[in-house]
Structures are given as C-alpha cells and as structure tokens.
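Only one chain is included here, represented as structure tokens and corresponding to the form predicted alone.
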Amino acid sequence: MENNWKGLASKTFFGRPTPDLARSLLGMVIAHDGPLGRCAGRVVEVEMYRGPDDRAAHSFGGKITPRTRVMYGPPGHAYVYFVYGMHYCLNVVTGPPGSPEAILIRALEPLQGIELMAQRRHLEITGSVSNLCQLTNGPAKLAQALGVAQQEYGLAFFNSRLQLYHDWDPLASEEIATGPRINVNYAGEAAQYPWRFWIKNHLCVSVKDRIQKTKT
C-alpha cells in the first residue's frame, strides 16, 4: 500500500546493538497488513530486554522454550507473547543468533487504519489527540489495535505483512528520555535499569508519571 514514509527497514538495520536499536526505533512506523486492511502507528515508547543476565527478560537464565525460541534466532523478527491470559504484546528480536534479546513496543501514535483500530479496541473516536492515543498507549492496546496476535510470531519486519518503516530523521538526544521499565518489580535490581525509552512529552506515551532519570 502507498504511504509517505521513507522506506522499509532493511534486514541489516536490525543488526545493531540493542541499546542503539531501541533508540532508533523511536519515530519509526509499524504497519500491519491484516485481512481487514492496514493499520499503522509511530513508535513513541519502547523497553529493551537484555537476555539471560536480565532478570526481567523472558530469556533470563538462557533456557529455550517454545515461547522464547524466536529470540534465539536472527534479529528483526517479531516476538509475540500472550500475557494475563488475554493480551498479546509485540517485540522486535535483537542481538545476533544465540543472544536472546528483544525490544518491547510499549506505545504508538495511531497513523493509519484508525477506524479499524477503534473497532478492535471497542472505543469511540472523538478526534482529540488524547482520545486517539487511547487506542495504542500500551503494549497490549497497540497489539490489539494493529490486529497482532500469535499468528504474527516469528514474522520478519523487513519482508512480511508486519513491517517497520523509516520516517523521521533520527531523534536528537534531548528528545529522548529514559527511565525504569514498567511492571517488572519481580526482577530485583534489574527493575531499576533505565531501559525504557520514549519520545519526551509525547501524548501517546503509556506512563507519564515516572520521573525521567536520564537523557540519552
């Protein structure tokens, strides 16, 4: 489908270190071409998970399971998981094969297919920015809005119906804020790692009451 974005991310784009990729994803566009049409949104918030040594990561300890298997493969593929018995969450696999790291997409700014997103989310659209943000300002919300579920597990973001597009120029360091990840209190010291990244002051960020610890 036609769009005004700069171009589909290449396979090699995903080969950079996880911290670099996490920052680079901000401002990019995720699109999903489902049977009912295309839905897309701009990435405004992410969290990174650093593999077997990260107590907050699903791959902590290095055990390969059916759930985490895709994380051990090449980067640039979708890690989709089911949580709380009702929600899906979307991640970008990072790191070289055998290094199970990933970046959780935490929030999007809706751009395309908004009516379909609203139907999936059972929300009425009023036209205000804050109302639109309710479609995708959380990892479970955005997966539901995009129509992403288990069938998207393992898809490549560079050559499938699930795509990542370049759009904006890279964000300046002062436009990116960092802080601790959300809902990982079980992870001990790892819960305090400043591995959540978001576009500063963006209305679609999922959690706005956390103090910004650093700029990066």
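The shown structure was predicted, so the numbers you read here are calculated from the model rather than taken from an experiment. Just count from 1 along the sequence shown to find any residue number.
Form predicted in complex with the DNA: not shown, discussed below.
- In terms of contact with the DNA in the model of the complex, the residue from I176, I182, A156, A31 that brings a heavy atom within 4.5 Å is I182.
- Comment: 64 to 72 is the region of 35 to 43, 156 to 164, 64 to 72, 22 to 30 lying near the DNA in the model of the complex, near meaning a non-hydrogen atom within 4.5 Å.
- Within this chain, G138 lines the site of the DNA in the model of the complex, having a heavy atom no more than 4.5 Å away.
- In the model of the complex, the DNA lies farther than 4.5 Å from every heavy atom of H77.
- In the model of the complex, L132 stays away from the DNA, with no heavy atom inside 4.5 Å.
- Residue contact with the DNA in the model of the complex: A190 places no heavy atom within 4.5 Å of it.
- For the candidate spot formed by Y49, V83 and C89, every residue has a non-hydrogen atom within 4.5 angstroms of the DNA in the model of the complex.
- Residues of 25 to 61 placing a heavy atom within 4.5 Å of the DNA in the model of the complex, in sequence order: Y49, A56, A57, H58.
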